[in-house]
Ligand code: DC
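Taking the form predicted on its own, here's one chain by itself in structure tokens.
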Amino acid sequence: MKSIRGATTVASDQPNEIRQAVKELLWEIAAKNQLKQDDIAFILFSNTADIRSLYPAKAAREAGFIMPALYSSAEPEIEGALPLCIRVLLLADGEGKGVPVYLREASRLRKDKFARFNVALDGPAGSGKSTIAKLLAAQYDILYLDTGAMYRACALKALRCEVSLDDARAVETLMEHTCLDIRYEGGKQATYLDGEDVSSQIRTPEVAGAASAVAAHACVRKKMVEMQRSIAAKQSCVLDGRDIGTEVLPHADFKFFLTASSAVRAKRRCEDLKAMGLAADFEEVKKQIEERDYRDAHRDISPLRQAEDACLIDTSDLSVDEVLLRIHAKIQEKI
């Protein structure tokens, strides 16, 4: 069983207006979700207090929806609420996510679906940025851009070519002969380096450490930031990194800075490495994380720092679901 949400508005509180709006909304939901009447088990309507002339549920019956159970309720008067609005929730047979339908002025209720917006997630290594970013993007059905993977790919190229990570001139020459491509395959980001899929190769501790050093070079950051801004300008997306809200997307619609104690972050990283079948020593991983924190916070170019308008969330004692709830609450305040 899957749930499908929708909403529409009417121009005035007139029975014919309500009949037309409800019919249009239900048939659009059925079409978008490829539903037959037999697939729909239940339809729940709610309408703002300024709609009184006809129950939306009755309008649904008149529109031919005679099989599912129907229920209508009137909402209390809420200051600032969208006027003359009808909301609906359908329960239908099937699996997966339903496609929501918001028509007329009701599209304003779901800017996350109908308007382009960007979310910037910054923070130190192991703070949960990537995990949260992926889930957030999936829940809002928008793109997740793993910016860290882009820098890791550059680091991998430097390691393979045995280029000194401290040699700015050599790194710049390397970048001039580097082809980096971000693709989305099977709903996931794939990172291609010079035509090779290196999505798994860039996840080793060695590459992670090198990424911080490579990212400190202006030539690398310039190339990566240009790519990231170009992608974000074309579609709604979630970006995670260390300078997304401060440098890459300073005008992002939503900004969050995630942090956690170094001990908690080291424990998380060890668990991730062990899950990948890699050996992990807690004290060594903790040392690497603290060294990386220092490098990231003290580099001359785009250092790690919280944007002034970013919401700070300490994830040390929070579950993934609790972090997501806090972020959702902040986003919903604006949309």
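Keep in mind that this is a model prediction, so the values were computed, not measured. So that there is no doubt, residue numbering starts at 1 and follows the sequence shown.
Below, we turn to the form predicted in complex with this ligand, even though it does not appear here.
Remark: G98 does not count among the residues lining this ligand in the model of the complex, judged by a heavy atom distance of 4.5 Å or less. When contacts are judged by a 4.5 Å heavy atom cut-off, A149 counts as touching this ligand in the model of the complex. Put simply, A215 is close to this ligand in the model of the complex: some heavy atom of it is within 4.5 Å.
Heavy atoms of K58 never reach within 4.5 Å of this ligand in the model of the complex, leaving it off the interface. Contact with this ligand in the model of the complex, defined as a heavy atom within 4.5 Å, is made by all three of R203, A211 and R221. In summary, among the residues R305, K287, R299, K267, the only one with a non-hydrogen atom within 4.5 Å of this ligand in the model of the complex is R299. Looking at 77 to 85, 192 to 200, 242 to 250, 166 to 174, the stretch with residues near this ligand in the model of the complex, meaning non-hydrogen atoms within 4.5 angstroms, turns out to be 242 to 250. For the stretch 24 to 59, the set of residues having any non-hydrogen atom within 4.5 angstroms of this ligand in the model of the complex is empty.
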